[in-house]
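Shown next as structure tokens: one chain only, the form predicted on its own.
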Amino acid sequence: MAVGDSYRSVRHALYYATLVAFIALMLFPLYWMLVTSFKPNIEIYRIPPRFFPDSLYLDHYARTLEDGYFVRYLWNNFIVASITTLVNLIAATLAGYSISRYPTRITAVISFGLLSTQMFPVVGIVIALYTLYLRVSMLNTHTGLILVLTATTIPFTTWMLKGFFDELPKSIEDSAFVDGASRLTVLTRIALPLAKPGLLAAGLYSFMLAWNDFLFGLTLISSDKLRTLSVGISLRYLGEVSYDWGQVTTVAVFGTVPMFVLFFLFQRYLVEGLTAGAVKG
């Protein structure tokens, strides 16, 4: 074997070993969360810890499913994330298509304004947002939470969909205009079916952000019956003196599974959406 081939083999081996180590490091917290949910509390505090449980302890899962608070938090989370995604897709589709097909000075200003909103840290607007919601009586409502989650995700999804619409051939739309189709017909019958991967990517992105929200839910919602899952876990299942780690990890598993399923089903569209237009031109 030549020296060059030997060096290349060693380099590839180091590369894959580093990649495997990095992936293992990233996945270990998830694995430990899952394993802990199947352990009794006395086993969780065992030193040294066991990385593989001797048997599956299912009492935590039974208690969680019987807990009315958890079911309520999960339902609230689903409602808020779903409505946020739906409103986001409608607004971002119209905005992204308009910016893509009508490149004027006004749309350029709008595009810059949408992009500039991503420079402001979320923490910096929470106090002002709380004061505003207090004055308009929108605190402690799902409507107020949905509005702020939609507002924070629309700029990015608009740019994501604009990238997809930019890549669609305009000749197809021009042919439809010649046949007498309106702009709305072209959008709904031609552009949207062709941009379906972008719609899935934008919808998945907005749903993930709304599902994992904690700061806005903690700030704007104070009623226990209206809380979402992340806030509910932190306020109900994490005590001030001691934690029931078995219950906490079980609830976290239930909250994580939907995101894993969605990501593995639509990861190709999400990657395509995040990279749309990146190599254009």
Partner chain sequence: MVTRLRVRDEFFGLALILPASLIVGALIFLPVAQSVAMGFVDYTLRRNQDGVSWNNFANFVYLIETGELWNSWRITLLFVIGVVTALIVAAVAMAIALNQRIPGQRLLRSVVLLPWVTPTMIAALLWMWILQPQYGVANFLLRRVGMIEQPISWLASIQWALPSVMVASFWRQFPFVFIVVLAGLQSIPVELYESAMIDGAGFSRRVFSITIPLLRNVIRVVILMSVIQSFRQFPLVWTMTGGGPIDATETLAVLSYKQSFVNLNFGRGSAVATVWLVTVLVFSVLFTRLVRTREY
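The term rigid core refers to the most C-alpha atoms you can superpose between the two forms while keeping them within 1.5 Å. Positions refer to the first chain, counted from 1. Since the model is a prediction, treat every value here as computed from it, not as a measurement.
There is also a form predicted together with the partner chain; it is not shown, and the following applies to it.
Although the partner is absent here, residue 53 lies well away from the partner chain in the predicted bound form, with no heavy atom inside 4.5 Å. At the 4.5 Å threshold, heavy atoms of residue 81 stay clear of the partner chain in the predicted bound form, well away from it. The partner chain in the predicted bound form comes within 4.5 Å of no heavy atom belonging to residue 189. Although the partner is absent here, residue 131 sits close enough that one of its heavy atoms falls within 4.5 Å of the partner chain in the predicted bound form. Looking at 104 to 132, the residues that come within 4.5 Å of the partner chain in the predicted bound form, counting any heavy atom, are 104, 106, 107, 110, 113, 114, 116, 117, 118, 119, 120, 121, 122, 123, 124, 125, 126, 127, 128, 129, 130, 131. Superposed on the core, the two forms barely differ at residue 257: its CA moves less than 2 Å between the shown form and the other one.
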